[in-house]
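Consider the single chain below, provided in structure tokens and representing the form predicted on its own.
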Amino acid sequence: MRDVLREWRPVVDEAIEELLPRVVDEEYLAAFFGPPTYAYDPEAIQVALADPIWELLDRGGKRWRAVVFLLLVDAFGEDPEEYLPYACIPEILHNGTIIVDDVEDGAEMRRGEAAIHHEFGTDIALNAGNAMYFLPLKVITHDPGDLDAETRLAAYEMLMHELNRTHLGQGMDITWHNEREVDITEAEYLEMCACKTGCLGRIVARLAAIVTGQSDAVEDAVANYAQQMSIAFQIGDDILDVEHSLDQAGEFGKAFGNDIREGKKTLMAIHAVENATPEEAARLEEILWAEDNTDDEIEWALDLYQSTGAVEYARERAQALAERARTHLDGLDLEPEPKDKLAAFTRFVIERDV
């Protein structure tokens, strides 16, 4: 999978650069956003949009959502190159959510460097992040695939539906973050993931199906594939944070015990509270609630995750979700080679080490 990602990432970035150049000028602004009513200020827009967005994109990221979109197009028997602009949509949306989430979470680091709001200021970060929810919609407006009006409308309606649901997930996550107790159920946690992370996956799959003219049944099947894989990815990401902290390797771009310091109610936290003694559960809740934590407190919480079997439990749940994702590809009339790669992605998202 790493080879597939390495092959497609520069291609995807070139396509994103067509949508949002690294350097904006009056010609681009007029062509993309329409002529000014009075006068654009390209330098201000450069500072407020292009610079923070490309700062984040250039730091890394696997572009796996865009690549899965292209693999699905290939699996449907179409030429991925012809649909490259559409692959940018979920990738830009994803990175926009990262900028906004980091502000809401008070995150210090992102991809090994200071979070965008620390580097550019909260005002610029929020404006850039929010813009990344809307910039990709211009792809459909510009219609590079020469889609008919009905197909474009279906794409718009799908995007609005799924993007609204992402905010349901983020809303649950924020509310839980602001509560002292860990009293959410596993089902509620998984629903949060299905909305916050799963909907971006569903956008990837549903958009590929819509622009290539697939049936509703096929669209539903690949959407479920991508949703289950995305939830597995989220759980895997939480496991990586814990394992990175245990190893103190410092290679993932996250601070030591970052999720615990941010007070995240992860699946591991839920499992640990349910299986610890009342005293241990209370102490973990205090650590997650605290404004600041010592390294000793972080280490204690990590030890509790291990001693209650929370890490292994989360890994088993992620593996089960990945397996379920693969079943949604069964029975679909897909091209064999890209279908195999799509199945392999469900393993990659939980077995990766970065």
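Keep in mind that this is a model prediction, so the values were computed, not measured. The numbering used is simple: start at 1 and walk along the sequence shown.
The same protein also exists as the form predicted in complex with a further copy of the same chain; that form is not shown, yet it is the one meant from here on.
Only one listed stretch (207-215, 137-145, 277-285, 70-78) carries heavy atoms within 4.5 Å of a further copy of the same chain in the predicted bound form, and that stretch is 137-145. Proximity of Y133 to a further copy of the same chain in the predicted bound form falls within the 4.5 Å heavy atom cutoff.
With a 4.5 Å cutoff on heavy atoms, M268 does not count as touching a further copy of the same chain in the predicted bound form; it lies far away. Shown alone here, G171 lies within 4.5 Å of a further copy of the same chain in the predicted bound form, counting heavy atoms only. Interface residue remark: Y40 is counted as part of the site for a further copy of the same chain in the predicted bound form, having a heavy atom within 4.5 Å.
The putative spot formed by A115, A290 and E323 is not touched by a further copy of the same chain in the predicted bound form; no residue has a non-hydrogen atom within 4.5 angstroms of it. Proximity to a further copy of the same chain in the predicted bound form, defined as a heavy atom within 4.5 Å, singles out one entry of D123, E82, D247, E181, which is D123.
Out of the listed residues I231, V222, A87, I203, I231 is the one that sits within 4.5 Å of a further copy of the same chain in the predicted bound form by at least one heavy atom. Contacts between stretch 31-59 and a further copy of the same chain, counted in the predicted bound form as any heavy atom lying within 4.5 Å, involve F33, G34, P35, P36, T37, Y38, A39, Y40, D41, A44, I45, V47, A48, L49, listed in sequence order.
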